[in-house]
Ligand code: KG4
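Here you get one chain, nothing else, as structure tokens; it is the form predicted on its own.
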């Protein structure tokens, strides 16, 4: 049995996985979240995250020592992400690769999110992808492995980041996405008539800074009783912004297969609205299992399998321990 050891440390989740190269089956997967430690600060503190990775990653590695003889390569996230947390995973990957005398594979974190759709499955091409997370909001076209084109990005805040910031304004805690989603279920989505960002612009692009500011102004005169309506109205407009721009893009690029990936893809309101948008096109919607939406090593390992089979290895001495350019 040949295995890929994969390591993920791009932000605040320490995760390792073992993936069978031939069957793509997960042999081992574990993730240690840092949400509790960072919630005190209302967001991720990079230096704290790095220290916690330094503690958690070796503990998980201890659990997979019995499999060391079956490891054929080490896949590690090298970009994009926080420089101080990426280095923790990279240092471990280099050490293990040298100790086991196996090649090392550099994985782009965003490609990992795409392949979270295909954990223990065969990949499907072509695919139109909406990636929504705390750091990214973008639309991509994937024609085949390695053939990925970014067609739209956010010009400022990301979809997930805007949820976190609104939650922070309301002193709800961190991570903000699930907290806003839960609060929004109880609210009136039409009470606060926020403007859909870039609704008059022909550009296929995203922007959340203006909406975030509109929410801030609403909160200045709001009572805690108003928060559920503000959350519901915000979630609705934030989602409709994505839907509106995708609808415009689909006029010239109708989707055959469409996917939502990234941590914020777990938002059920977003999933429902995208399902409605796709119906006229007869497109198939691909979604990651909820447990694989956020950062995890299983998705990095799934990319690692594809790269291993293509011989896409890196020079261990040349691997950077800081973020490279994203897609």
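Keep in mind that this is a model prediction, so the values were computed, not measured. Positions refer to the first chain, counted from 1.
One more form of this protein should be noted, the form predicted together with the ligand, which is absent from this view; the next part is about it.
By the criterion of a heavy atom within 4.5 Å, residue 89 is excluded from the residues contacting the ligand in the predicted complex. The closest heavy atom approach of residue 181 to the ligand in the predicted complex falls within 4.5 Å.
In the predicted complex, the ligand sits beyond 4.5 Å of every heavy atom of residue 245. When contacts are judged by a 4.5 Å heavy atom cut-off, residue 103 does not count as touching the ligand in the predicted complex. Taking 49, 260, 283, 293 one by one, only a single residue has any non-hydrogen atom within 4.5 Å of the ligand in the predicted complex, and it is 293. Only one of 206-214, 71-79, 126-134, 148-156 lies within 4.5 Å of the ligand in the predicted complex by heavy atoms, and it is 126-134.
By the 4.5 Å heavy atom rule, the three marked residues 113, 176 and 266 all count as contacting the ligand in the predicted complex.
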